[in-house]
Ligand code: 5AD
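Let's start with one chain on its own, the form predicted alone, as structure tokens.
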């Protein structure tokens, strides 16, 4: 039995892809191993959203080869999957001879065939084709990133073409899965003991299936809000969704959350900039005013909805006034947290042709100023939970303290508390006693 070591970079979509790759390999007789040194095959599932992610790929390729040489072993078969694979294709072979094969984002269902082909003597080949018509979106229990939480893709690809973003080229056009399949998938997960599902997609709320099959009787103005209600009706205990696109974030999404307790009180809504001028250059499709209208609807909910976001600093042409507008927006919104990125040009995007006129030092300075502001408001939010009781899904033993369990609230905050392993997989009430940088600490009630 050949052993396969699978490493994943990037977003939840990549994690979800890796789960299905591992499921397929296990079903085809391969053994998934956590030990790279024992592997006959090393698969690297890659991300291309940031320049550093690509650099990390080549660093890891070098490390894999060196580790094998240091052990006196033959280099394992090396396959590159995911977004870098889709974008670079056969050009990767010219950058390093260590790669044996490349599988694009929609070719991962053919991973077993690729490995067999490579062991059969084929050298440096690429498969960048489309998904099989009968592609299996399910994941075996043993291959999930968590035994209690499942990622459920509902839409893949992107039609937005923001000027800085490579995703439309690495993931292709938007394609929504049929609603009936999604609901059946969630029902099956519930029967298997999954407590929480995450509906995922590059732009999850842009969900537009070819037909309304399975959604005809659901209220709501948009297919996504109807799908939320249909998934809520399965009775699964928690439903989260990410990532939302501001332009497609319609009022009926909040209405659905308000109506269904198991639709969790967390919205991730990337703004990217607080300057409408920069948003136009980014081709985001919304203005600051549009965005704040959506924030007001979220804040008006009777539920305590946590709000998180993504922000890019140092986009081409961003002035100090533009950046100050971003600070002003962050001050107003008071996000629970934010992923902040320093702009890096991605070849093939329209922004790559724009002058990268914000210096590296200025990007770093702006990053730190914004990060400090976000953290200030995050701590205000966290401190407001002290002496309050929250429900936490107990997910794993803490990495730092073996007597502590770590989990998430319905609003996606991390909570650690003392407890035994028999609590894992249960939703427990925890009284919050302390807050630290990114984590709440409490005691079981």
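The structure presented is a predicted model; accordingly, all values stated were derived computationally and were not measured. Positions refer to the first chain, counted from 1.
Omitted from view is the form predicted together with the named molecule, to which the following refers.
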{"item": "Stretch from 335-343, 233-241, 293-301, 217-225 whose residues place a heavy atom within 4.5 Å of the named molecule in the predicted bound form", "value": "335-343"}
{"item": "Partner-contacting position among 164, 323, 101, 207 - heavy atom within 4.5 Å of the named molecule in the predicted bound form", "value": "164"}
{"item": "Of 377, 408, 56, 50, the one that lies within 4.5 Å of the named molecule in the predicted bound form (heavy atoms)", "value": "50"}
{"item": "Distance check, residue 153 to the named molecule in the predicted bound form, heavy atom within 4.5 Å", "value": "no"}
{"item": "Heavy atom of residue 310 within 4.5 Å of the named molecule in the predicted bound form", "value": "yes"}
{"item": "Contact test in the predicted bound form: residue 270 vs the named molecule, heavy atoms, 4.5 Å", "value": "yes"}
